[in-house]
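Shown next are two forms of a single protein chain, provided one at a time as structure tokens under the names structure 1 and structure 2.
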Structure 1
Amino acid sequence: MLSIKQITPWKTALFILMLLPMLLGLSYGLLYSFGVIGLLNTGFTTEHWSDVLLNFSFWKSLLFSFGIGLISVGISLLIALWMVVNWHRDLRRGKLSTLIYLPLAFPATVVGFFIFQSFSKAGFWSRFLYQIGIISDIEDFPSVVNDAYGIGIILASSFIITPFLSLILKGIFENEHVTKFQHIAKSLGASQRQVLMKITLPILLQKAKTSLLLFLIFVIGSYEIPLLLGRQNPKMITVAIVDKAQRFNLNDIPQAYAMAILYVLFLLFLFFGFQRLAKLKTKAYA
């Protein structure tokens, strides 16, 4: 007789816990978006998909999120690289080594709220500039929050990512013995600039590329920050999807599911495509 242990090996259990909920969710979304199930759906149709695919605002949201992600990760990378290259000893010991961990304790909700309260037109910095006489009216303060360019979202995302990235780069700097390579290069006559461009940056960036991709995906998929700091147009993709799903118009729900599935496919393509590319490159070098 078969024992329960044989019927449910660990792989089945892991599949149920890790992948099944996701697959069930995706299947439900797929069926709903094709009109097979759902409250007002009447039968199989590709209408909702064509509505989404031909809808400019969906692509705009996706591109906007991708752009915000790239800029946020880019800014964080520049700051983190600069800190690690110039202050790697201070990041290992001293006050900065403790301070750099603190922002890791800030949830996106709190960072979003803080940026809103400090950078909005009636926020702290507007008041500060008014008191020292740089601006004479509340309207003189630039729109940084709920703005068209997503500056508030970029500020908040960069604030969250930079410490994480600094710690990752610091770890790579130490584990890869970058200082030793720098000394060797210098003793062989390399200039300061050559050491930076040919030794330090390539080592750090090569090892940090997967983390950078994960941070990019994190920003694209963030919800709390754009909800607090974004605006109606252009919308970040997650906010656009949830807004469509929660509207009073029930006819919009299939479109929301189609958007969600397209978004998931985009991210899976981004992640696994990148991994495949990295593998091919490694093989080519080998």
Structure 2
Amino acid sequence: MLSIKQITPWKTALFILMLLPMLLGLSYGLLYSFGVIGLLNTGFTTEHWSDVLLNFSFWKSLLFSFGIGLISVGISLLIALWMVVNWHRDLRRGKLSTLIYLPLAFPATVVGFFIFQSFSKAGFWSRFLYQIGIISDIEDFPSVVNDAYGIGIILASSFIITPFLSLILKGIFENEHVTKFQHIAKSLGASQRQVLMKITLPILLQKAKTSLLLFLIFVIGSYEIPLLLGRQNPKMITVAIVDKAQRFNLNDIPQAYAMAILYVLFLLFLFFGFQRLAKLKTKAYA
């Protein structure tokens, strides 16, 4: 049996092995964006970074992606909380415990295609409402897919992450023995609303905060769904980066690398900023 002293070097080596490809990729992108390497680059320059930093479309895509992520995670969180608070017994057994796993079987591309076929102007619901006489023309159907507000992207993202979030919250609900705390609070005279606001929600949200942040990063970094359901303006940041990298103009590739590095820095700032805030909040309550 391995001792702790023997395991630690292996864990360090595994961590470095996992981190190394990412660091090599970032280093390559950084050198390419500064013109040090690359097909048409002629030497060190900050021109590509200036073009990206002064490009309004880049910041618009970044903020648009962040907003889509916040709304998608917010909707999923509300649905998952409602299900766990009201149906936590049914989620452990019965048909609901099986149905909750069903969306997990669909890849992101399939979900995006399903949303597109259901909610586009030529999709299922548009044709159905036309046949029953609720709309008189296909153009009367509201724009849900390829729209300016990313409604189709939000629908698809929420569909994907809600089951994951429900299972995480269900596990927290059971592991933290929330039911016992609820019974104690009620026996001391707390109302149903006080139990929900002072006991149930704080425990669930406190334990799930890191998972929520990871889901936010997942939605911001998704590519297939925005590609199918988004539009050219505004576009999600991942689509904007790939569009820039795959253009026929090779001079755009350094800008694509600069955008990718800024995107990674934004995610790191988001992750470590959130962790820092969480620690400060914990110290304040200590």
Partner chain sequence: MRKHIGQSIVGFIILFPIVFLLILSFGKQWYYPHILPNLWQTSQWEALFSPSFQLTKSLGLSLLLSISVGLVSTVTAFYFSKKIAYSYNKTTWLSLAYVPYLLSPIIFALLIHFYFLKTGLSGSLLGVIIAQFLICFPFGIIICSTFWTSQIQSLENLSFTLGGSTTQTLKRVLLPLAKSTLLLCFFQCFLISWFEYGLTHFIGAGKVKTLTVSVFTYVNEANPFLAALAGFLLILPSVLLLLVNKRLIFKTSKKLADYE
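Numbers given to residues start at 1 and step along the sequence of structure 1. In this text, the rigid core denotes the largest set of C-alpha atoms whose superposition between the two forms falls within 1.5 Å. This structure is a prediction, so every number in the text was calculated from the model and none was measured.
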Answer check: the form predicted together with the partner chain matches structure 1
Rigid core fixed, the Cα of residue 275 shifts between structure 1 and structure 2, in Å, by 2.4
For residue 16, the CA shift between structure 1 and structure 2 after fitting the core, in Å, is 6.2
